[in-house]
Structure formats: structure tokens, C-alpha cells
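The chain below stands alone and is given as C-alpha cells, in the form predicted alone.
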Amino acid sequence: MSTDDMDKSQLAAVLQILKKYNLKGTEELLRKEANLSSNLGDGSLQQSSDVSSVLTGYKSDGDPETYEDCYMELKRFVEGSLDIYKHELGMILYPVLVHMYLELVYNGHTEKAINLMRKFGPEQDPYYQDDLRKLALVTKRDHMNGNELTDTFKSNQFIIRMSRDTLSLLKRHLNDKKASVLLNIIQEHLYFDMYEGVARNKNQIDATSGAVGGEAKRQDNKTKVYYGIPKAPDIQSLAAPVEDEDEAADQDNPDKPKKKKAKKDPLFSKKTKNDPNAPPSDRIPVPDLKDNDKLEKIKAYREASKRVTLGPEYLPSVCCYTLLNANYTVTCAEITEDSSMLAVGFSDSIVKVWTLVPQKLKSMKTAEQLQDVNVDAEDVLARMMDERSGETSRSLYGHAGPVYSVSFSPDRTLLLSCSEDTTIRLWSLQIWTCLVVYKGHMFPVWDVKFSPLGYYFASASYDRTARLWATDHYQPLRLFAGHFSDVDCVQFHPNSNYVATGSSDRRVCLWDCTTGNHVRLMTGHKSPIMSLAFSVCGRFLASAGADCKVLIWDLSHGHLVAELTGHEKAIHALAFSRCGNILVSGGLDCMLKVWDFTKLTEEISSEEVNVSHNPDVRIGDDYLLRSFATKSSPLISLHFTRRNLLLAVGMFDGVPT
């Protein structure tokens, strides 16, 4: 095909799309600019298969007989290379096989495609086998329409990180062989992210491989991330008693002996340092603290001063709440920040809230009774509640499908829930009813989380997006798009400036709430990601999922620094202790594992990081402090109290597996 014909077919393809979506103005401008006749895009060229070939990105001129030979030639070249380059060169075999298969299927050579997959599919890395099994079901061109996996491979280049030496070796081989089928695939569907330095070994490659679209480009992790925690508001000023009236009285009566000034509470007089990596305090709009919030902060601070500092010598005590007769109906659970309430979502669309303390769950008085309440009283909120209405649990009805996640607001007055019915609901825990239904996602919503500040919340959905919302807006404030599959879990950074997402495309993304752009893209998981947790300092992110591993990421550079193994089934819960020294993980294998996070961070800070190159990933049980087994109860939620007691939530499964 000549270059002119190729350009015309590409223009015809663009015009076809513009016409399909009725973008007449743009279509006319393009025709005028390219000096095209009005029949281009409607007449002879549209009937040509070249237009659809342009749209799919697959050529139709390859001889089906040559594909297998080309792949064998490439495989022989990789296996015959020097050991130092062999592993990096081997990374191109999987994407080349996939695109050869899809090209054969697209051009109607089904039998050749099936033979190619049968012969070379089983020898690919284990973490690609699930995807290859799904691709093997695509045997006709029609099967490719709307298929998530084939769409991802067609629309995105597969990213491979390769050293300069390895890449020049590959280019030399391709120039010598001049295999057009292979050249077309590599030029159009592969992207080489070249770096200076020594080629990586097999362990380094395996640590970050496995994602649907290949590895992350180094450019994806170049943006500065403000991972630090901003300085807390001055607790002393919040706690200071008001003595204006006494001072005024003293001025009227100068002979009266002066009262001694209240001593400063030593608990609040400690000065906190400014974190150089913290974001500016005005980077995101934050609602003002109400008086009640200030009192709550003081109470939390006092309680935190009594907590035990955990470590290898002082492991946490664990209290497990087990849900009986519920192993097939409970879908999620969450405990409030102050450990006073537990919310559970069920597959029959109900949300249930329990109190975990002696105080019962009260509802607000009626409108008539509220008229008698003294609004100026200090305990006005307590007076508004009806003492006789106290119950140990309450049920919330409204969803029309299974509830997949629940999240309490920091002040414990609101609860979020999301469901298969595509909606997110905001519930009042004072009048025990639904206040708002947020509609924006088009498919089931898998996860929802309140920001540590309250007001903002984030959601994750089957529609491959995560969204940032505010409680007083019906529409999302930001839409985080870029994952190739379901976004399964979402988590706010402790400073609320960033949101992390984990997806079925096996990638972890960190998004900036102010711009809506991704600032970190991290690959290394081999299965969908189910749980995320940020370290207390904000620098590290732990992720876990169906591959039974906990991966630790350093957000300063986006590097994978550790891989914690030991679980035998999917991990659904992660939590850091309040002091930040301990990480715990819980999964469907009915095991709770306690990891020494301080040891890990000390080792990381003591070594020099090569920013241009992935560091060696720490693997093994060196950091495992203790494993706790439950009685046939898979764990779905973990939470540390303010005093560092660990609370776990599990469902008793009476049927042995």
C-alpha cells in the first residue's frame, strides 16, 4: 500500500467516526483543510477494508504462513542471546504473541491463530496465563468488539522497560531479519521505555511485570508528590479555656487578688515539626472545624497519648468480631475512627450499624420536641437526641442491590454506602435515614471512602473510573480515568490531597485531587487488587489482592520496595498501627499476619536509591512477626483503635474447604 493510499484511508477513518457521532462542523473543517471531495468517507474508500484496518490498528497484508516462523525466529534469538540481555529481551515475547494472535483472528485465519496460541501460550510467564485463556476464546473478528482485553491491546501500546544496550541489540536483529510482520507489531503496538544502565535480571523484571498494559513508564512517576502530613492545628489554642468574663471582672475590681493563670497542659505543649514534603495548607479547600470537631480532636489527642507503642517486643492485642450465619450474605464491614460503631453491608441490599460501646444508638427528637431544646446550651447536640430511642443496632434500607462498601465520616454523624445498583448513598446517623443518592457511575460501584477531613469522598467502579465527590455536590468534582479494567478499591492519602486506586488491570495508581491527573503508576501485582493502606507518615503505600501478596511502594519515586508473602488466599484487609510501626494483613485464608514495618523502613532509608533504575525488591518472611489463625472465619476488615488495640471483623464459615 502506498503512503498516499494509507493517508487517505486514515482520513476516511477519521471522517467516518466524525460522521458517526454527528460532528458536522469538525467534519467540514477537516474536508476543507485536507482539500477532500465530499464523497471521501462515504463512497468507494469506505467500503474498503482499509478503513476498519486503520480503526483497529491491525494490518491485513501479512501472510498467515509466516507468523509462526517469525515467532520461532524471535524466540531463538532471545534464547541465544547473552544471559545479561536474555531476560529483558524475553519481555517482548508475550505482547508479540498476543498481537500476532489477534492479527490472525482479525484477518480470518482462525485455525492458524489457534495453533499459534496452543504452541506458544503455555510457555509464557505464569502471571499471563489467565489473560491468554481469555484471549483464546476470541476466535472471530466479531468477538473482538467490546472485549475488554482485546480493546486494551488494540488501543494501547504495551510498555516494556529496557536498557539501552538490550534495545540496540534488538534493533540490530530486526534490521538484519527485515520480517515485516514482526516489525509492524513492534513499531505499532510496543513502546520501549529506555534507560541507561545495566540490564535487569529475571527477579527484578518479575517484580514489576504482570499488569495488563505492561510496566509503568518512568515518566509516569516523575511528578513531585507531596506525601508528607501537614502540621496539625494548634491543639493548645483549641483546648484553651475562655476566661474573658473573669478578666473583665478583675478590671472592675482592681483590689481583688488576681487568679493564677491556668497552667499549659504539657500534653499539648509539644511542638510538631513542619514536614518538608507536606503540601501547602491551602492546596485543597478544607471546611472549617466546628466547635464539636475541635473538642473531638482534643479527646482523640488525649487518648492517643495513652496508647502503647507497638514493635517486635510489643505485639498488638487482637479482638475479633465474628459475624455468625452470614458467610454468604455479608459483603463488607467498617469500624469508626473512635472504634464506637461497626457498619456491615449485606448482599440483600441492607446496611446494618451496631454500637461497640455501652452507649446505645439514639435518634433525634421530633420537630416538636426540638423546639424545647436550649440552642445556646453547651451540650445542645446531646439534648437533641431522644434518650428513650436507644438501640444496640439499626438497619438502613434503600439500596436495590448488594452493598459492596461502607464508610463512616470522621465525626461519625454520616455513613456512605455503595452498591451494585450503581448508586452511592449518604445516611444520617442522627435521624437514621438516607440524605442523598449520588448518581454518576453507570455500573456497579465496588468501593467508597470518606476523606480523613470528612466532606470529600472517593468511589471506585466497574466502569473503570474512580471519582472524587463532595457531600454537598450531586456531581463528582474529579473523574480519575486511565485504568484498563474495574477499579476495585480506593483509599485517601492521610493528607487528603491524593487518592490511590487498585484495579483488576493489576495496576496501582495515585491521583492528584487538585488536577485529576495520575502522579504515580505502579505495576507488580499479578491478580486484581482488593485492598490499599497508606503508612502513617504518608510516604509508603501497601497494596494486596488475589495474588496473596502484600506489596509496599515508596511514593517518593514510585518504586516497589518489598513483597510480603505468606497468605494462601486473597487478602481483603490491610491496616497500619496508629504509631506506624506495624502493618497487619487479613484474608480469606482465615489468617491475620503482623509485619514489622519499622524494620523495613529503616532498611530502605539506609540504602541509596538509584532513581533511574528499579531497586532490588525485598522478599521473604524476614518482616513477619506473628500469624494469628481465626476459627474458620475469613477476615474482611481490620482497624486499630486510638490506643493500638487491633479490631478484626470476620464471618464464620462453618463449611470446611
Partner chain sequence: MSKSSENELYGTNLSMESMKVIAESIGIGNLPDDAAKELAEDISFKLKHIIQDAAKFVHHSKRTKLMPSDVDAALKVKNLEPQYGFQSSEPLPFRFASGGGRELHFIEEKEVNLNDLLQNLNAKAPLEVSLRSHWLCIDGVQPTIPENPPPVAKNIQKLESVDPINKKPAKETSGKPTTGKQKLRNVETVQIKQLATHELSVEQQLYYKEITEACVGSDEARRAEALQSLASDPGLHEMLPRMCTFIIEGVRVNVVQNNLALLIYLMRMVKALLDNQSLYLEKYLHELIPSVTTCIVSKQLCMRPELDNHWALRDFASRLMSQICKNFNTSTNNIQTRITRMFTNALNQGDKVPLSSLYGALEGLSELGAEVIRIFVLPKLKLIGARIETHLQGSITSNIEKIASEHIKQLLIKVVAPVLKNIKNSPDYVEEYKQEYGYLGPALHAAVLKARTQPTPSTTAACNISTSLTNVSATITRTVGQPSQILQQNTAGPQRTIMMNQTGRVTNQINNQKILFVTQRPPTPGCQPSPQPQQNTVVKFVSNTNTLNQQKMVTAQKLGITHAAQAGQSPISVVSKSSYQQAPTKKPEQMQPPTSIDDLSHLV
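Positions refer to the first chain, counted from 1. For clarity, every value in this text was computed on a predicted model and none was experimentally measured.
As for the form predicted in complex with the partner chain, it is not shown, yet the points below apply to it.
- For the candidate set Cys320, Val286, Ile298, Cys579, a heavy atom within 4.5 Å of the partner chain in the predicted complex is found for exactly one residue, namely Cys320.
- For the residues Gly440, Gly566, Gly121, Gly482, the 4.5 Å heavy atom test against the partner chain in the predicted complex is passed only by Gly121.
- Mapping the unseen interface onto this chain, Ile17 falls outside it, with no heavy atom inside 4.5 Å of the partner chain in the predicted complex.
- For the chain shown alone, Thr66 is not a contact residue for the partner chain in the predicted complex, no non-hydrogen atom being within 4.5 angstroms.
- Among residues of the shown chain, Pro410 is not one whose heavy atoms approach the partner chain to within 4.5 Å in the predicted complex.
- A residue is said to contact a partner when one of its heavy atoms sits within 4.5 Å of a partner heavy atom; Asp621 meets this definition for the partner chain in the predicted complex.
- Residues placing heavy atoms within 4.5 Å of the partner chain in the predicted complex fall in a single listed stretch, namely 121-129, out of 121-129, 367-375, 550-558, 429-437.
- Contact annotation for 467-481: no residue has a non-hydrogen atom within 4.5 angstroms of the partner chain in the predicted complex.
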